[in-house]
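First, one chain by itself: the form predicted alone, in structure tokens.
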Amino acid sequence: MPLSTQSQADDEQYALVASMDNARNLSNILKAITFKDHAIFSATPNGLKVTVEDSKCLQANAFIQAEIFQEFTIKEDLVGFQVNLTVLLDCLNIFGGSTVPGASTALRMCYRGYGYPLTLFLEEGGVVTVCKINTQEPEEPIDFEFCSNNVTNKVILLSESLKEAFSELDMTSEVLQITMSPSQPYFRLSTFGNSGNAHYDYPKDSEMMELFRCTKTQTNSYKMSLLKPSTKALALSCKVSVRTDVRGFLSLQYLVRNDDGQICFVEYYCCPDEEVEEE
């Protein structure tokens, strides 16, 4: 990869250097969380976490493990900055996001530290483009306090079945109601839109259900406008984990395979629209 021939002396000045042979592996996963302009980047030796939030009700996180990158060098335990995600995606696709077999854009992403821009070196077909994107001091992401100890219900589904449900449910509904229960209907999605009420049920022994672990009956509603951005992640994913905690907060974890077959994760947290209803 020509970009890797940059002098090692240049690298000394950077707090973070991350390179990959195919920039699409980064841009695709970032598209799955693009619903606001700004994103918080947090880099640790384990990899990169990118966070986008909306009005303290919705948070999306993309996790890109260090192994996904061909090179991932970090000088500190934590390197953080905020950047305009729309601008970053425009830069990553500067060569048109080629889908031609064998053609890919190589990426080298460098960040020097507080006050410095995020510098991208993009190379395709021997042409190198350098983009510098202004960064800001990162805001502290909201802590939704969603911990596994407080999870009451959890199912893991093949994404295909959830895509099918979303295509059949009435998206004019203001809310999506999710019922999870150890007894029937087990896992139900409900909408209340212009064309009436619609329910989509999953039997717990469905072949689309990889895991069913529900301890109590919970019915919660979530604003459809908040959930719609997560369908971008759903479209890319092969599996999805749906969890609710004792407060009715929702966690959607999407397992995404990139062009090279490597696994990344996208997680959405959403707060309930109403008080938890219990039977």
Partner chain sequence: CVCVCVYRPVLAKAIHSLSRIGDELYVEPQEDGLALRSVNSSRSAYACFLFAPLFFSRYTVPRGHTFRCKMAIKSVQAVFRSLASLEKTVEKCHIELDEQKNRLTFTLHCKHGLLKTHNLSFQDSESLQAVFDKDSYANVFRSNPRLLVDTVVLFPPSLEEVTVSVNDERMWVRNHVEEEDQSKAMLTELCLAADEFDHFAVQTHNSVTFCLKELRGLLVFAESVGLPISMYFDEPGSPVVLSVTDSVLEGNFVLATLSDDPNNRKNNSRRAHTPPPPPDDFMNDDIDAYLIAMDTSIAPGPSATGPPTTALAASTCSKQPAAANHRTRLHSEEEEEEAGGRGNG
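A quick note: this is a predicted structure, and the numbers were derived from the prediction, not measured. Residue numbers count along the first chain shown, from 1.
Missing here is the form predicted together with its partner chain; even so, the following discussion is about that form.
Undergrad: Just to confirm, residue 198 within 4.5 Å of its partner chain in the predicted complex by heavy atoms?
TA: Yes, residue 198 lies within 4.5 Å of its partner chain in the predicted complex.
Undergrad: Hey, in the predicted complex, does residue 145 get a heavy atom within 4.5 angstroms of its partner chain?
TA: Answer no; every heavy atom of residue 145 is more than 4.5 Å from its partner chain in the predicted complex.
Undergrad: Given that its partner chain is not shown alongside this chain, does residue 139 nevertheless sit within 4.5 Å of it in the predicted complex, heavy atom to heavy atom?
TA: Residue 139 lies outside the contact set for its partner chain.
Undergrad: Flag residue 208 as yes or no: does it have a non-hydrogen atom within 4.5 angstroms of any non-hydrogen atom of its partner chain in the predicted complex?
TA: Residue-level check for residue 208: yes, a contact with its partner chain.
Undergrad: Could you tell me which stretch in 108-116, 75-83, 121-129, 188-196 has residues with non-hydrogen atoms within 4.5 Å of its partner chain in the predicted complex?
TA: Careful reading of the contacts points to 188-196.
Undergrad: Name the residue from 164, 174, 71, 90 that puts a heavy atom within 4.5 Å of its partner chain in the predicted complex.
TA: Contact residue from the list: 164.
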